[in-house]
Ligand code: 2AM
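Shown below, as structure tokens, is a lone chain in the form predicted alone; questions about how it binds or moves come after it.
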């Protein structure tokens, strides 16, 4: 379905400026060890629900589904880096997922499914992609997960966003096309 007649979208948590800066600093540290393509600071996010390519008129259905989400704000802390060898992605993940994040993601996913959107079947694994095309062999098997930060990187989550993704020769460009406050 990809093409000029579609829009590529996803829902995400977007870090504040201070958290994005710290995340990018960690990404640069990992990049020095693992190479690959460093994600731009302005693109760092944690995906809640990947929708993919849809007809532009279906964006209104996404907005209706998001309008119905009822979830409290919460604190987030990404505290564990890793590298997935199968797709060469270096990321920052969580050792423990807050219950409020589980609740937000499951409420949003349920409403999206009710609206007829297909979501990935795999379990929700919150993470922030720091590098693409990383040489994960640079991270030993024992250290496929480690914490390069002296302290976790987090922020106060007070909303979630709908993002439109455009791909070009310069990489992905993300445009926030909707924002929903949490309680």
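Every value quoted in this text rests on a predicted model; they were computed, and no experiment measured them. Positions refer to the first chain, counted from 1.
One more form of this protein, predicted in complex with this ligand, exists but is not displayed; see below.
Highlighted residues 45, 89 and 127: every one comes within 4.5 Å of this ligand in the predicted bound form, counting any heavy atom. Per the 4.5 Å heavy atom criterion, this ligand in the predicted bound form is contacted by stretch 45-53, the sole one of 24-32, 45-53, 110-118, 151-159.
Contact annotation: residue 63 falls outside 4.5 Å of this ligand in the predicted bound form, judged by heavy atom distances.
The shortest heavy atom separation between residue 133 and this ligand in the predicted bound form exceeds 4.5 Å. Contacts with this ligand in the predicted bound form, taken as any heavy atom within 4.5 Å, map within 158-178 to 174 alone.
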